[in-house]
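Shown below, as structure tokens, is a lone chain in the form predicted alone; questions about how it binds or moves come after it.
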Amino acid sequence: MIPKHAIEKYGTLFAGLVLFAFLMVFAENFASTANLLNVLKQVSFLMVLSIGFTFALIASELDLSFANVCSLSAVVIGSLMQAAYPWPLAVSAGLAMGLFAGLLNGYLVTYLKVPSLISTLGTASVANGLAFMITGGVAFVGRWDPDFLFLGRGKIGPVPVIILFTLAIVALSFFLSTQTKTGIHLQATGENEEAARRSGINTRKSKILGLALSGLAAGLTAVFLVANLSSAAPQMAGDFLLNGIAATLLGMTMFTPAKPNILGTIVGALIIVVLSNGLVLLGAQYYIQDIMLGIIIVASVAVSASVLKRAAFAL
């Protein structure tokens, strides 16, 4: 018999492996090298965004603006590329936009004491409006600098370069969250802010950092999306909001149950993208994906409800 603690920590991971094995057998072409590389490429966008959301949640703050901020950052990048500015400048501007939005969220939460649920919804609305204002509702599309497009389309051998970028981001994020004093302070702040403050931790700084990292991750994802698609639209990252939240919540059901953690988020993102890819190959109707995503979110929240409540409404 499998020990209860093993089921609690690794049950979701085991279910993901069962799903993968099922699709390997029953979904035509799922196991092909081309499809598996495509899955890894598609999960890269979701994984980077979800990692950012996880950092905010580790600090016990909820960032509901990351998808809109990602779209706005993408539009900023696209507008500069369209105007023939050097691509490093466009990339820097996109990253700066994401970071600024995260810092703004941190300021609203820590200095103005606006609950993160409200402040980040407000930021999301502003970002959405700015994205439409910049584009006029029309996507930027162009044949841009090949060096820039390499960031999203390039390959090293058969492996898309975006997968390698994502692996580096994953490794850095895991190290930061588990092996550094900064990461320990983030976790302490999220678990018990008052106790962390009394122990000498600058909890305000930790919360700002968590939200800033979420914004920066949105900017990074915008770079990859624009480089991959060679276009930028005002709602191009909209579908990532629920998927990113679901990946993080699913990650909270494994490894350190009921706590946001980078490793869990990575596996959660993989499960969601593998499930989506498999359903397509099995010929399932498009709405089945939404139904399954809703089930994942509800089931995950049942495990993590107290953490989410504290993150959303804590003053």
Partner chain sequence: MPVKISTRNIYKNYGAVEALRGVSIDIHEGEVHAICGDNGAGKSTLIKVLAGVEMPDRGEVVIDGAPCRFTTPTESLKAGLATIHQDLAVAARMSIYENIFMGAELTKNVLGIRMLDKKKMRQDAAGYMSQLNKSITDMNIKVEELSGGQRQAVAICRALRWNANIVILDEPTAALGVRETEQVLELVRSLKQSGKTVILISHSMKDVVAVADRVSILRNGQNQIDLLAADLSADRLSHYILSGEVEQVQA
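Bear in mind that the values here come from a model prediction, so they are computed numbers and not experimental data. Positions refer to the first chain, counted from 1.
The form predicted together with the partner chain exists for this protein as well; it is not shown, and the discussion that follows is about that form.
Self-check item: One stretch from 73-81, 114-122, 93-101, 171-179 that, in the predicted complex, holds residues within 4.5 Å of the partner chain by heavy atom
Solution: Looking at the partner contacts, the answer comes out as 171-179.
Exercise. Please pick, from Ile184, Ile163, Val126, Leu242, the one residue with any non-hydrogen atom lying within 4.5 angstroms of the partner chain in the predicted complex.
Key: For this set of options, the contacting one is Ile184.
Quiz prompt | 4.5 angstroms heavy atom contact with the partner chain in the predicted complex for Ala195 | solution = Ala195: yes, in contact with the partner chain in the predicted complex.
Quiz item: Taking heavy atoms and a 4.5 Å cut-off, does Asp145 contact the partner chain in the predicted complex?
Solution: Asp145 lies outside the contact set for the partner chain.
Quiz item: Is there a non-hydrogen atom of Ala188 within 4.5 angstroms of a non-hydrogen atom of the partner chain in the predicted complex?
Solution: So Ala188 counts as contacting the partner chain.
Exercise. Give a yes or no for Ala258: in the predicted complex, does one of its heavy atoms lie within 4.5 Å of a heavy atom belonging to the partner chain?
Key: Contact check for Ala258: yes, within 4.5 Å of the partner chain in the predicted complex.
Practice problem: Residue by residue through 110-136, tell me which have a non-hydrogen atom within 4.5 angstroms of the partner chain in the predicted complex. | Solution: Not one residue comes within 4.5 Å of the partner.
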